[in-house]
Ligand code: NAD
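Single chain ahead, by itself, as structure tokens, in the form predicted alone.
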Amino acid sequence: MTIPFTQPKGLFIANRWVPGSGGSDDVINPATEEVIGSAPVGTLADAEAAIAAARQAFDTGPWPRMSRAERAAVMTAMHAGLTRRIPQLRELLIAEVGCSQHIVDAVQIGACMAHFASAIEVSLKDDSYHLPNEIVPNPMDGGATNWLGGAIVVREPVGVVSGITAYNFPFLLNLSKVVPALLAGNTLVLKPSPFTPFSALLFGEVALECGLPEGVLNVVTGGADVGAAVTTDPRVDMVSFTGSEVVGAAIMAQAAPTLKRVHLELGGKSAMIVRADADIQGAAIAAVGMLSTNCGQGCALSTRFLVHNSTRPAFVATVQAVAAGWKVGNPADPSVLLGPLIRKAQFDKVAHYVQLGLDSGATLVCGGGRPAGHDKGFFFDITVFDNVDNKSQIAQDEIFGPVGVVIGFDTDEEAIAIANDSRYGLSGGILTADAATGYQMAMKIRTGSVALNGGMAKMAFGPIGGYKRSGIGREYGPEWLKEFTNEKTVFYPLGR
């Protein structure tokens, strides 16, 4: 069976398909370990060509000089082109990422297109503004007539942006670079993860179809050398990266000598607080749902479960029962709720952390390894530890797998302190029958977002981003495009 979009024509540079100078690499389905296609591999030469194309397109091309409405029209055509491909894209993501179908539909694709449509609408609004007129003395002649002056503040595109994305939600992450950067008038070099290149190269196909000018969007695959090239080259004005904190810190260092703007959406170790008055069954289902979402490979997923000690035994027992009924397998089956990890290296990393948890004295409640009957693919059982010390590695490090830790607390203040005792600050949640108290607690948690009682309203319009080592800047929401612009003030005289 041929998976859609797994036979790309090459890298996409300056509106042309270019064979990867590094040859090609097989891409596998993590659920079956079967090859689904071969992707071109970019090199430093390809990165150089892509940067040059993006630089020329920004400096001399029409895209930055087009009106908001003109750019929005092209991007609306891109949205339509992607929409027409959703059935095939869905099939690709299930095989390329190994993600269960309900998550593909809701997050990998559904949320993406909502963000895209919202961003187009926002891009049409003129966000320039005038400062109050002001009378000032003539600086050339203090005794002469005063001057009357004003000023306007406008936003302009930053320039050439490099976008580097991770493997876990590839279409969403690639779109989160392409859409705001281009709508704001920038040009872009997009570098996807080598594990999930096809859903990035697809944007080249749609770019040609929608009439995007030459060099505005370039897609180059490759390894760390290509990543370093697009973060250090002085012709690149901004780097937008989604991935781990370690790589994010390296990118900041690489961008520092040329003082590039850096936008980072990094890791998390989010806490879900379960108060004594919470619905325990609902909380347990929410916990297992978090751990099973893309096999726990999500930076904003809550994996620290802070549970009031009076209900902690009931919570743990219910989580164990719910996890036992969660269907594991190939996401090609629509009834599967837990798919595989992306590769063996990630499987080995998760297994290492499980051993660290055991060594720390935590109690293994369920899971801990490969589920029975799944010898092929990189499957890992939903794994939960109880009696966990929040200072331990399994409570502090981002594991990026279906591993959760249960930590008890006795007071709301203690729960807030534990939640904030993390180098991360991306997301979190509170479950309680007392919404007012939950809201007050949410205001004290140092994270970019908090879901109160599962609330996810306005998801396509709410900014997402991190505190502390979870990143810099925000994605989505009404201010999203401003991350990719510079503010300029033009002063002018009035009446002459």
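Numbers for residues come from their place in the sequence shown, where the first is 1. Remember, predicted model here, so these are calculated numbers, not experimental data.
The form predicted in complex with ligand NAD is left out here; the points below concern that form.
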Give a yes or no on whether each residue among Ala278, Thr432 and Gly455 has a heavy atom within 4.5 Å of ligand NAD in the model of the complex. no
Heavy atoms within 4.5 Å of ligand NAD in the model of the complex: which stretch in 161-169, 91-99, 68-76, 353-361 meets that? 161-169
Is there a heavy atom of Gln254 no more than 4.5 Å from a heavy atom of ligand NAD in the model of the complex? yes
Quick check on Thr242: any heavy atom within 4.5 Å of ligand NAD in the model of the complex? yes
Just to confirm, Pro192 within 4.5 Å of ligand NAD in the model of the complex by heavy atoms? yes
Interface membership of Phe378, ligand NAD in the model of the complex, 4.5 Å heavy atom rule: no
Consider the chain as shown here, without its partner, and state which of Gly289, Pro213, Gly223, Pro137 has a heavy atom within 4.5 Å of ligand NAD in the model of the complex. Gly223
Answer key, ligand NAD contact in the model of the complex at 4.5 Å (heavy atoms) among Leu266, Leu202, Ile103, Val328: the residue is Leu266
Give, in sequence order, every residue of 413-438 that has a heavy atom within 4.5 Å of ligand NAD in the model of the complex, or say none if there are no such residues. Leu426
